[in-house]
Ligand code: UGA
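What follows is a single chain, given as structure tokens, in the form predicted on its own.
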């Protein structure tokens, strides 16, 4: 008989995990205190954009395996409880806000049936799992807690859940590991690498992976600064070092840096926790990583001033992209939207286009101008900024776009456009780390 699964927290991570667990054949109940969110999900609608997820959600609801509720008593008979709540950055601090994960544990601990397993998936500071397990066992000695970090990429969340490149489980007993092996039987049969760890190591895996990724992205942006100073081309440099198998070519694309709801806050929370543990010197380099990342945004604004004027008052600037990355409508800590807002604050008339993120961008920065049409966005622009590398932007006809603008100047903040094609069409083309 298949295990019954509950998913506490139905945001981006939870909604994805619930739908995917259901598609693997489990009876799944998604739980949240937000009644509006639960109502939307129960009707087959997700409150964000993620490729393939809404179709999967609707299919699983129709199958009868997936339901949603605000009633925690509805999951009292579940065998496995996945905690998927958010751990945002605290205001006025680098540390993570753990109030939601504590609330989730306290809500389910009294109702867990004997032998059930609580599994944390949220990204938390190291030591959180052990503390939560101790709290769980005080309330309910017949339950147990494990940690199973998520490694979802926005835009590929369904794929990453159903076909992960590895599974990491932090457990304190063989019984807990065996339960998780039953949950992930399909993946194990597909030879997905399985890593058993203790609780603190499992917690550290996620933040270590994100820190390494952030370091690689910021490294190539630092090289872009050097290339600009020395007259080099960072795209050629990246290609050359990317052939080294010890380095690899992925995430060596210089640009305006990383954003989103995970990477920035995760590395900051990692630094904060290291300081609490008395090991802050070990992660001192992450402060410079964060600094390089934020500096890339300012360097784009400097290019805008260089091409137009130090005084941007009244200048018309078209921005292509608001989401922090393509195939997502997430604008949390979006470099693209941050740059757009800063330029508007300097007096420019900024018009933003994005194929999916206009609605959330409007909520975050309502004073900006937004347009559903690329052509209208570019109409009469003194300068164009390409800030999110959506496929539709890479496929634009530069000659046609030239006929729309007042001045054919484009800054490619992602080094993703075909520079030769844009230059051949008569555009002045700039990008970070490349000299003209």
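Residue numbers count along the first chain shown, from 1. Since the model is a prediction, treat every value here as computed from it, not as a measurement.
We do not show the form predicted in complex with the ligand, though everything after this point is about it.
Of the residues 100, 219, 194, 151, which one places a heavy atom within 4.5 Å of the ligand in the predicted bound form? Of 100, 219, 194, 151, the residue with a heavy atom within 4.5 Å of the ligand in the predicted bound form is 151.
Quick one: of 145, 199, 271, 262, which gets a non-hydrogen atom within 4.5 angstroms of the ligand in the predicted bound form? Exactly one residue meets the criterion: 262.
If you check in the predicted bound form, is residue 353 within 4.5 Å of the ligand, heavy atoms only? Result no; residue 353 lies far from the ligand in the predicted bound form.
Does at least one non-hydrogen atom of residue 338 fall within 4.5 angstroms of the ligand in the predicted bound form? Heavy-atom contact with the ligand at 4.5 Å: absent for residue 338.
Can you tell me whether residue 17 touches the ligand? I mean in the predicted bound form, with a 4.5 angstroms heavy atom cut-off. Heavy-atom contact with the ligand at 4.5 Å: absent for residue 17.
Indicate whether the ligand has at least one heavy atom within 4.5 Å of a heavy atom of residue 321 in the predicted bound form. Taking the distances in the predicted bound form, the answer for residue 321 is no, it never comes within 4.5 Å of the ligand.
Mind telling me which stretch in 175 to 183, 80 to 88, 131 to 139, 322 to 330 gets its heavy atoms within 4.5 Å of the ligand in the predicted bound form? Selected stretch: 322 to 330.
Residues of 345 to 378 having any heavy atom within 4.5 Å of the ligand in the predicted bound form, listed in sequence order: The stretch does not touch the partner at all.
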